[in-house]
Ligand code: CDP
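Only one chain comes next, encoded as structure tokens, the form predicted on its own.
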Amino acid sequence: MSDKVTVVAVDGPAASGKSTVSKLLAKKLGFNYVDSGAMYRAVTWQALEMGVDVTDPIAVIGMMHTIKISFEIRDGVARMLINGVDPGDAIREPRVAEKVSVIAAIPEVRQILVQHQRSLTKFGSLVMEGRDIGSVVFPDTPHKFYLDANPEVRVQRRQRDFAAMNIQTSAENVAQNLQARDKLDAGRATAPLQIAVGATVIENSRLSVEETVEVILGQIRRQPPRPDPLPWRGEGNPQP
């Protein structure tokens, strides 16, 4: 890879393997790993902690202007702090998962967080995962990937995530949550979940994490080098 700042965008629906794949990919490339979804989860967690009605956009936007968002890189992973606090695994709680798509659908919230996401190139090259990284956050990067898997595999993966946090939930509940989230993410007016133009689609239901990473690395190696830095260089607010 070039010594210049490079961004690899990894998009896809919930439980498509984005996090596990992106973490290993970042490690192999020597890049920083960014989970953009964790930012929306952190905002959702903060709203719930403060008793803000997440279905009231005005209340959520008001909260956004009262909190301080900052970032640090810890062991190659970007961490978002709210008022100096890293919420940690609390952002993975089911109550947060149930509401995060509502928060993420608020255009003003997305505008604020997208600007923060773009600013992370100050730390160096990135592997950033999310739902609109290749389409909105860094549309200029040639390294765009969209991961997907069949519904049954996604449910199994999400259940393993919950089990690792000692959270018990049924496959039926997980499936319903994923279906509802897919509908909200794909149907929102601002930055809906979609396959970015030029993205490589990887259906990884039958692929291991390592195999998926190798597919991505192979594609990156085949990408002709660019003479200038890759990150988005536009100005103003992100466009839906």
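Because the structure is a prediction, the values reported are computed rather than measured. Numbering starts at 1 and runs along the sequence shown.
This protein has a second form, the form predicted together with ligand CDP, left out of what is shown; the following refers to that one.
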Which of 163-171, 69-77, 82-90, 132-140 lines the interface with ligand CDP in the predicted bound form (heavy atom within 4.5 Å): 132-140
Heavy atom within 4.5 Å of ligand CDP in the predicted bound form - residue from 155, 100, 109, 147: 100
Proximity of residue 25 to ligand CDP in the predicted bound form, heavy atoms at 4.5 Å: no
Residue contact check: residue 216 to ligand CDP in the predicted bound form, 4.5 Å heavy atom: no
4.5 Å heavy atom contact, residue 37 and ligand CDP in the predicted bound form: yes
Ligand CDP contact in the predicted bound form: residue 127, any heavy atom under 4.5 Å: no
Residues within stretch 175-212 having a non-hydrogen atom within 4.5 Å of ligand CDP in the predicted bound form: 181, 185, 188
